[in-house]
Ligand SMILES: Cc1cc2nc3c(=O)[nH]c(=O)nc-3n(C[C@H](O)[C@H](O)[C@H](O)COP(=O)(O)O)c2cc1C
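Okay, so here's just one chain, in C-alpha cells, the form predicted on its own.
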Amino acid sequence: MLPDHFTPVPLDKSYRLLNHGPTVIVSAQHAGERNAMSAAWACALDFAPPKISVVLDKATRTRALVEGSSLFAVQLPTVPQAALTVGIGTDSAVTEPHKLVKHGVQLFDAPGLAVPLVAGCAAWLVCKLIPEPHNQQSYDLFIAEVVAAWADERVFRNGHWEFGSAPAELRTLHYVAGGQFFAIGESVLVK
C-alpha cells in the first residue's frame, strides 16, 4: 500500500529533489534480500535524461544489492527520521542483519518496480545503474538514471519545494558530523 501524499514527480523536475543537498537513504533489493543505508554524498548530475550520483562504500551490503540488481532508490528522510538515518548509516547489514527492524524502518514497494522504498520520507527517486566500473571501484561513485520519482505533495508541489508552508516535520536533513544534522532552513529569494 502506498503512503498518503505520495505523488508522482515529472522526471524533468526530479533533479530538484536533490538540488538542495540533503542526506539520503539508499535502498535496494536482490535475490530476495532488501536493505537500506544512509548516504551523505548524493547529487543531481544531469537533466535529460535525469541522472544522479551517489557514493556507496565497498563494505556496505546495500552496495552489493545495487550491483546485483542495477536498480535502487534514493529517498530524502525527514526530521522525525534523524535517529533512523543515523542508525541505518552506522549499523551494517553485514554485521547486523536485522538493522532495518532494529531502527524501525518501514518499507513499501515502488509502483511497478522491483525496489523497496522507505516510508516517511519527503521524496523518492528510483534509479537504474549506469555501469562505470572504474568510478565504482576507484571512488565508490555510482551514476544512475532516474526512472521514476515521487514526493510528498505537502512539501513538494508543481516541481518546487514548499518548505515555508509545509509542516516542519517534513523538512529534509543535512548531515554535518558526529550525529548532527541541520533541517533545511528558511528561504532567501533573490530576484
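The numbering used is simple: start at 1 and walk along the sequence shown. None of these values were measured; they are calculated from a predicted model.
Although not depicted, the form predicted in complex with the named molecule is the subject of the following passage.
Of the stretches 124 to 132, 159 to 167, 143 to 151, 36 to 44, only 36 to 44 has residues with a heavy atom within 4.5 Å of the named molecule in the predicted bound form. Taking Val66, Val155, Ile52, Leu56 one by one, only a single residue has any non-hydrogen atom within 4.5 Å of the named molecule in the predicted bound form, and it is Leu56.
Contact annotation: Thr23 falls within 4.5 Å of the named molecule in the predicted bound form, judged by heavy atom distances. Proximity of Ile88 to the named molecule in the predicted bound form falls within the 4.5 Å heavy atom cutoff. Contact annotation for Tyr15: none of its heavy atoms lies within 4.5 Å of the named molecule in the predicted bound form. Among residues of the shown chain, Ala110 is not one whose heavy atoms approach the named molecule to within 4.5 Å in the predicted bound form.
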